[in-house]
Structures are given as C-alpha cells and as structure tokens.
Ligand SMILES: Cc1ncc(COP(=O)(O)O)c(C=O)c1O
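Just one chain follows, in the form predicted on its own, and it is written as structure tokens.
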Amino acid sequence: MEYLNYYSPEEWDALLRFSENQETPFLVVFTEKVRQKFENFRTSFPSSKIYYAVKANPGTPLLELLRDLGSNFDVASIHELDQLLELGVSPDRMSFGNTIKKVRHIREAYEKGVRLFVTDSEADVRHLAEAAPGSRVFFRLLMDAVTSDSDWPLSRKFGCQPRSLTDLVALAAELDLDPYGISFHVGSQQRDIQAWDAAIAKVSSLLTLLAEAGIPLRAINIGGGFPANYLIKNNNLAVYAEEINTYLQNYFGEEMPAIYLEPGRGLVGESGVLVSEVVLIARKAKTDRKRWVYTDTGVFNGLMETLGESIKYPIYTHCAGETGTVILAGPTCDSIDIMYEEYPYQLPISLAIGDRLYWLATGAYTASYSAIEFNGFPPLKTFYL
C-alpha cells in the first residue's frame, strides 16, 4: 500500500486509532520520524552546525524534541525567537535568518542575546550596525539560476549579486560588525544535487576574493533545500550528503570553513499525515470524464504549497478498485482554492462523499501556512504522536 512507503504498519494503525473520532481536517505528526531524520542529518554532516528552520513546522512538541536533541534554530521573526526562549532555548543557539526585519526587532533580538544575523542589503546592514553592534553576519548570495530547478523556488526575493555582496561585507567591517560568512539557498525541494556544487563554487570564489581584499570570512551557510519524498521520489539523504561533502572538500580541502545548514522540509516533511474528508463529488457536464473532488481542506487550510501544483503530495484512500482522473479542490469560496487540475491525479471510482483522504508527507509548511478564519474555517488542527 502507498502509505507503507512512508509509515510503518504500527504508525499507520496508531494514526487510524487516534483519528477515528477526530473531526477533519487535521494533521498528525509522528515525532519519532523527526528524531530519526535529525540523527540522519547529524550522521551525514558530522562537522556541520544544524539550524532547524522553525517556519517549516513550529509545533511546540517538535521544537522541544529538537531542543533536547541539541539542534540549533533558524528563526524568521521575533515571534519565533520568543517561542524558543519560552521553551528554554538559549539565544546562542539561534540565527535570525530572515533578511527582511524591522529595526526594533533587530534590537529586541540583540537585547535578548542573539548575535548571529543574515543580511542581503545595505539598509539592513546599517540597521544591524545600529541595533546589533558587533554581531556576526552572514551575507546571503542570490541563487536565482540555481533555484529554478527546485519544486518551490525562492526567486529573486532573497540574496544579492556577488558584487553587491562584497560591497556589503566591506560596509559591515567598516561599521564594526563581524563579517562571518556567506549563506545561500538552492531552493526548497531541490532534487538536483548539482545545484549545491554550483552554489559552493560561487561561494568559494567570493571567499577567495574577500580574503585577498583583507576580509577573510570564516563560515558558509548552505541553507536548506533538502527534499522530502512526495509523488516524485528522491535520493536518500546519505547520497546528498556524500556529494555535498565532496564538493566542500574539493573546494576547501584543509582550509574548511565552519559549515552551517538549515533543514526544514527535509527534516520534518515526511513526518506528517493530513487527514481530510470528501465533501462533494461533481462533474461539470454529463460527458465530463474528470470528477471534481472537493475536500474540507485546501489551499487556505494547509495546502498552500499546491499553488501552481508545485508540491505533489501522495494521497491515500481506503477505497479500492478502478481509478479515474480527478480535479482536487478545497472548500472555500475562492477560485484559487484548487490543488490539482493539470496533474492527472488518480483516485478510485468508488470514492464517495464522506470518505477520507490521507495526504502523505505533509509535515512541513502545512499547519504553519494554514490561514486563520478565511471563510470562517479555523486553522488546521495538529496532533503529535
């Protein structure tokens, strides 16, 4: 059965027992899978500093688990920072990784003990010098060409071109910040391992250039991008790690800088199952071969990453028999609330109103993307087993 590619029979039985009397939609996260994935990252990158990207899934049980396992944390807002502080995570285990931040939030983070920030613009460098003096700074490199091969590209919103980056490093040094390293992100759900090779090559050239200019940097943040297994399967983490570690060794050898990584989806993606109910099944015409299947969850209720049909989740149902092509849509009064129309998803002909759909590998960017009260639908409920 499809779910056995992701969850053990024991995990699946536990899910069914737990969810029997739960009102859909809801998300179930298996915390043991997150523990195993974290240990895999630690084994695969033994010399690297792991910073979990909190935005992927900020659930308190996950953060507590990763805290106790020794993870560091990449925060995107002052609110994520405060959540971690309340859980007893010390600020020296955090990086403020968002390049878009208010001056008062920089100051607040600094006053609470954070000393590691990421930047990609002159204005932000000046804000850091003003509100977080002496802090270590990563400079984010634009990777638009590399990220184009990922399922969820990060486009041109983040990072700067190499010439601008070297100017920012010089400015930071002039303003008495601590220019620490270069960061990049090859795009979320990046299946092409070669993307890291191209990125590391660019970073290597920049580090050499900056060292020759008298500003030696000491670290590289290779970001996230590590893929989860959806409908399209990937190499396992060990394969990615072997290649990436080889790239790093080839470019730096004995002069290896400190290596940081920020897994999010690759760490928690496969841990979750989103359970929904079929609300309605319809055809637009008597001769229409495609059924419209409307569920009680959609783009605004946890499945934001189906926009553009970018992330294609495996879907399991207890129904059996012959299958047919469906269009999958959510429950809201918004025409954008269609998950899959172009990709030919197949579901059993016997599927009926009231049946449940199990969206596999939905542990990342589901509950954290769930809109609040759009059309009156509440945020996605999340349970941790």
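Quick note: we count residues from 1 along the sequence shown, nothing fancier. Quantities reported herein were computed from a predicted structural model and do not represent experimental measurements.
Same protein, other form: the form predicted in complex with the named molecule, not shown, and the subject of what follows.
Of the residues 306, 295, 135, 189, just one reaches the named molecule in the model of the complex with a heavy atom at 4.5 Å or closer; this is 189.
Only one of 264, 179, 257, 159 comes within 4.5 Å of the named molecule in the model of the complex through a heavy atom, and that residue is 264. In short, of 351-359, 53-61, 29-37, 330-338 it is 53-61 that has heavy atoms within 4.5 Å of the named molecule in the model of the complex.
Using a 4.5 Å cutoff between non-hydrogen atoms, residue 272 does not count as a contact of the named molecule in the model of the complex. In the model of the complex, the named molecule stays beyond 4.5 Å of every heavy atom belonging to residue 302. Proximity of residue 140 to the named molecule in the model of the complex falls within the 4.5 Å heavy atom cutoff.
If you take 219-236 and check each residue for a heavy atom within 4.5 Å of the named molecule in the model of the complex, you get 224, 225, 226, in sequence order.
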